[in-house]
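As structure tokens, one chain now follows by itself in the form predicted alone.
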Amino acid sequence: MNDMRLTERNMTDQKIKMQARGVDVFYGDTQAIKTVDVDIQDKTVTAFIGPSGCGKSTFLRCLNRMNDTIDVCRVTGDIRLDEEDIYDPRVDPVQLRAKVGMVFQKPNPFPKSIYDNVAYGPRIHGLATNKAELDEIVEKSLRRAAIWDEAKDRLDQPGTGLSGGQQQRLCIARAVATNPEVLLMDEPCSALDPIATAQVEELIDELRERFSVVIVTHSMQQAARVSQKTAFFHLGELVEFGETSQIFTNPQDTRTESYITGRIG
């Protein structure tokens, strides 16, 4: 009984890693995100779900300033990582993206060797002072991404020669190589077969022991399997946010219920 209370208290006391308040996103004159408030807890998987075009990927990209790369996109509001404003003009987006890594929908290894794919981030951020340290980072990252055994004998071969599921795990290894604090995943399994999807889901569960993970998924089953917190987006609004079990079994908003039961989608 005490253990259970302790676990519940730990979930409640879990440190807030990222915090968004009053976030609006505009593409030109069109508002894509309307006044979103959300807390991302440390060492927790948070899933963003909702119909296509509801704004979940747009909001995800606010968390590491990927929207900066879109000329017509404007983000307002307040987003903090460990209480620091990530949109402060003094914050270097490249350094921010080392702390808040990203894995995309389609596996996108660089046209380089497996080794160089993983070593790329540590090299540009000066995380290794010599080849031995870099070797160690590469091995550790490939192990964390559960692909070391498949890749260790072919590190000098192109990453593009791997299967789709292996390529996605290589991209996860590349993202964790800079030792980020938060890992963003934008539908990381949508291009994968069921076996590769199961491997990546298992990996997500392991990664949350070290990182905050935020995953956008079109699969409610996936959100239910891998996340502890779920946010439901609809038409650019954050409709509901809470414990995953509560969102799926006892949603507070009729729109959430309609989406989960398949009436809207």
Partner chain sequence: MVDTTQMGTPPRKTSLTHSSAQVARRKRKDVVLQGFGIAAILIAFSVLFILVASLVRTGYTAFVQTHVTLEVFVDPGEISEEGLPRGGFRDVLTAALLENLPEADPDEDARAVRNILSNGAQFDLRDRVVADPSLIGQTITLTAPVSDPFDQLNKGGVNRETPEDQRRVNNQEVAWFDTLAEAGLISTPFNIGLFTHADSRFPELAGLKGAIVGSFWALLTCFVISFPIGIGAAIYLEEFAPRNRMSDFIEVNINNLAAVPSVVFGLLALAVFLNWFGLPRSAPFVGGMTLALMTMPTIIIATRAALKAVPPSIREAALGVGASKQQVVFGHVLPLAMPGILTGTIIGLAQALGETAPLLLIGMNAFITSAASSPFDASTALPTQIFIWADSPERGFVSRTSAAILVLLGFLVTMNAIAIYLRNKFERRW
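Fair warning: this is a prediction, and the values are worked out from it, not measured in the lab. Residue numbers count along the first chain shown, from 1.
Below, we turn to the form predicted together with the partner chain, even though it does not appear here.
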Query raised in the report: Which one of I147, I79, L162, M102 is close to the partner chain in the predicted bound form, taking close to mean a heavy atom within 4.5 Å?
Result: M102
Requested in this report: Quick one: from R154, R74, R143, H125, grab the residue that has a heavy atom within 4.5 Å of the partner chain in the predicted bound form.
Outcome: H125
Query raised in the report: Using a 4.5 Å heavy atom cut-off, are V94, K112 and T178 all in contact with the partner chain in the predicted bound form?
Result: yes
Report task. Using a 4.5 Å heavy atom cut-off, state whether T30 contacts the partner chain in the predicted bound form. Result -> no
Requested in this report: Would you check, heavy atoms only and a 4.5 Å threshold, whether R169 touches the partner chain in the predicted bound form?
Outcome: no
Query raised in the report: Given that the partner is absent here, does Y87 sit within 4.5 Å of the partner chain in the predicted bound form, heavy atoms only?
Result: no
Query raised in the report: Taking heavy atoms and a 4.5 Å cut-off, does L238 contact the partner chain in the predicted bound form?
Result: no
Query raised in the report: Pick from 63-71, 206-214, 43-51, 219-227: which stretch has a heavy atom within 4.5 Å of the partner chain in the predicted bound form?
Result: 63-71
Query raised in the report: Which residues, if any, of 183-222 lie within 4.5 Å of the partner chain in the predicted bound form when only heavy atoms count?
Result: none
